[in-house]
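Taken one at a time, structure 1 and structure 2 that follow are two forms of one protein chain, written as structure tokens.
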Structure 1
């Protein structure tokens, strides 16, 4: 069986698929290059049989060709983040049990030593590719396709496994709800180790036969130049990006502002997600662009579950109703359905829900109740629309569109020679959603500056996990059981 995404591309071979700094590429180019990469991976074997292939490639055509090549060879794609320091790259490679690493030459220096130490096969995107590609395996759509790492309350990120069938369900639900067509052109500015960038933008565009214009990284001036060109139809981003675009618009002169606003007028849909969108940001963006941003709700384990309507009233601060083929319910702590107006945990069922946490059967079992995935997020239904209230656990911080584990960051910070103990919390912030903040109990007679801590932490943690504020305390607030009380820690930062 051919993966449906690949089969659809064969119907659009002459159409433009990807526009990136490498050039302009058709669906035919993507099919040819991904077939070559698949043949290179197979290395005369019949199929990879769900071997994990970790890859680190900047956003662009090569990224997509490698992702498709992994899928066409029967492998499981494990995308790595361009922002990860070596310890986080090593963790994902080790936890996923990757047997092959593919790297852009920019990342050879960090990844080749890891491959050598672990005796893994190492491929550079600059390596010559085989010409013969006709003997690619048939792929069962129920086979595993993708492992994305997401932070959980247990500290270290868990690998979320989705099948080709799960991905197809996630994508077709959004294609239907947001009326994607082959005439669409979307600007891609999001990270490509995260479901928002991989599924909602890239894979939806390629499923629809549309054009995906990919930037290597987000830059407010570059994004505004592309928006002002007036040839795009879709744009999706996280609230932090909209905050930065607003600041860039406000810094522009009147003539530039008029051109920026006019360009937005050509776009049919603008979406915000991955973190709560502050109402003042939504209102300011509407003033600038003429667009009331469409907010939606989803997570790595389920794809997208809720969305404001493409047509019809969108409510500020709400994430709409269930998407096509997704069933959602709210339950209390006993698992009983709650009435409208009463908060409850969001539980989700549908063909887009993930298969398992990679090699964590107990965590997988714990995540489901009677076939429903328990999100750990609390919401309330008002005006027939869902409003997200936050996490059941205070140990998950949503910052700049990412979910990070406070427990994981604490474990790293405790390795600093000047830190006796610490507690990490999220503190509400208009730009980032939440700021990662750390209360520190320092060694006697020691002073530690924020700059010094951040410099050290950037060698251990992804940039978005590094604390943006610190506070030295003599002791951490604890309950009678000796457990740190996170709300009291957060209050210390609010008071400061």
Structure 2
């Protein structure tokens, strides 16, 4: 059968699908170009039969046409990150066993030698394309579609495999919860090797017959200009992007600020996710944009699982309730369900849950318990809404026999007037098991002593949650998605 996403596009041929630096493209353009790319990939074979095709293309029409071309030829899309240095590109290409690499000419210098060394077929997006063929293979929707590399907290990144059916389930759940329609226009500013940018923004938009306006990369000024144009209906980003947009708004003059704020008025929904949204950021964004950000929780392996409501009350610091077709439970260390108010590990079931870690059957088996995917994230249900306490392995700190949530402590520390941002980690300690340590980004020109911070924090937090060590840093270490990399923060304390 035809992939449902492609089938749907055929009903929207004359509608605009993508607006990017390359121009404006309809669903018809996307169908035509992706059929040409599929024909090029097939090279007169009947189907790629789940061969892995790694591709590195900046955000825009070409990226999407190639992704669809891979799918239409029966291949598995393996998006590479524009930010990866050579060893990381090589790791993903080798681990996925890619047999074909497609590169934008900007990346030829790094990728062609890798392809040559490994004797892989190498295609440039500037190569001439064959005429589109009608004879594209039938695609079984239970076949593998996508491998996304996700860095666990330990070990090398693993390839998360989703099928066309998984993707369909992840997308339709969000389409229904957030009421996507063909009238929507979304600004795409996220990396395209990660679930947030690929599924929640790009594929949801194209499934809905909506317009996806793609920026080659995030830049606060350009994003504000586009928001100020006042023609967009949706915006989705990670918390760090909202922080940068707030800083750019604050740096603008009053007339510019008014224009920026007014532009947000047409937008019907703004979403934050992929990392915890500090309540202060949510509040500041509300005063600037008039939007109470909808925070949601998800993961590469499961798609989106929890979301604040589109219409009902959104609670600051909470991620809401299970999305349509997603079942969520919280369990303790013995695997028993916990009562509301008691923290437990988030486990998830549903058609959007991934198929497997690529060629890692043991890791796949270990990740499930009785058919439930074990996320490794800890949450608690309060006021009928889930609150994320952090990653079991790094954010739940066992100190002096108590379990404390790093995210909860960070939320409190950010209220200190001298603290701009912070990251709390546990560092191994003979006396305490783990010592609560806080890396602090201070306001410019400010000094903050451990004693002063501790005496302030004792008024807000139980004594065992108060950081015992602090370290002033100019920046927190972050990954490509803007998420703080906790092991790197812990290493700062070990080195100090």
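Small disclaimer: the values here were computed from a predicted structure and weren't measured. Positions refer to the first chain, counted from 1.
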{"property": "Form predicted on its own - structure 1 or 2", "result": "1"}
{"property": "Option at the hinge, rigid-body rotation between structures 1 and 2, list 353, 332, 39, 393", "result": "393"}
{"property": "Rotational displacement of the minor rigid part between structures 1 and 2 [degrees]", "result": "144"}
